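Take a look at this single chain, the form predicted alone, given in structure tokens.
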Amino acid sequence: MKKLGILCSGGDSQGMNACIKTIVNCCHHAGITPVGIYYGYEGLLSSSFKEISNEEVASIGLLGGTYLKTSRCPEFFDIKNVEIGANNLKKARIDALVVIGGNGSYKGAYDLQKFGVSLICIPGTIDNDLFYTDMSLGFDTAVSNAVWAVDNIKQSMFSNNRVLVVKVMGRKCGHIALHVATVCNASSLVVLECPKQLTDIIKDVKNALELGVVSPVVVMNESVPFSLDEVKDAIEKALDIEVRCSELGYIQRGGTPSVKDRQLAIMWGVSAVECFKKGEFGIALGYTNHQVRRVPLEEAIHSEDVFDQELYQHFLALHQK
């Protein structure tokens, strides 16, 4: 019987469990043995392999995180360790591997190919920084969680006429910040893709106050070159108004995946097993123009960084006098 390995790598994201469940179910329907690889590439190096039954994953689809656990594995940057991982798969007679993760995970998968491993990759990262696909698993839920948090904090800020400065996740990619700022009607957006100085943030807040906004909101990506306290102090000094800060952190990663993330998880899980059955490997699954697509893994890794300029212009339009 053929064996298909499943591995999650890097940061966990909502939808990973729904995807694992889908792959496991589809494998059993097709007479394929699904093998879980625990703790990402660390588990690959230590042969932490286990066959998975349908019963084990019956209730995981609605949970955040990953049933298979995950890790960041710096040892996998060493090509000698990559070869060890590939040999462990061969010893376990695993015919192909599905990797669910972000850009770092994709690079590890690409290296595994050099040692004869058949690969299928699925984008799983809240950062949405794999630019060959419109969305990745967890992004929609992470944005929704952040919007929920900002909306609730704003209610308190409004009661006290305070400015709110919020830092969201995303590493060096500003997609989460852009979507949260637009939906929450923030007064200022600070991302690496559209650089700003502290004076620009102050100008945005001042403009909002002049337009009658009682409690302006500033949304920052976690990688911008200002701390929350620096932004807070600059606004308070320039505008003589109270400012409160919040770093949302891991609340963005947890919780039940959204309908969109569960749909993507199911579509990609089904597609991954179809690819395995057809012998289509060295590919990354994506989602563009409302359709699942399959692209060469190398193309996915080297896809050009794309920032949603159209949505950014819509955000700017909300604050024009």
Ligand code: F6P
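On a predicted model such as this, the values are computed, not experimentally measured, just so you know. Residue numbers here begin at 1 and follow the sequence given.
Below, we refer to the form predicted in complex with the named molecule, which is not included among the displayed structures.
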Is the gap between V150 and the named molecule in the model of the complex 4.5 Å or less for some heavy atom pair? no
Does any part of A96 reach within 4.5 Å of the named molecule in the model of the complex? Heavy atoms only, please. no
Is L137 close enough to touch the named molecule in the model of the complex, meaning at least one heavy atom pair within 4.5 Å? no
Taking heavy atoms and a 4.5 Å cut-off, does I126 contact the named molecule in the model of the complex? yes
With the partner removed from view, which of 197-205, 150-158, 237-245, 118-126 is the stretch that lies within 4.5 Å of the named molecule in the model of the complex, judged by heavy atom distances? 118-126
Contact with the named molecule in the model of the complex, heavy atom within 4.5 Å, among G170, P216, G108, G85 goes to G170
Which residues within 246-262 place at least one heavy atom within 4.5 Å of the named molecule in the model of the complex? Y250, R253
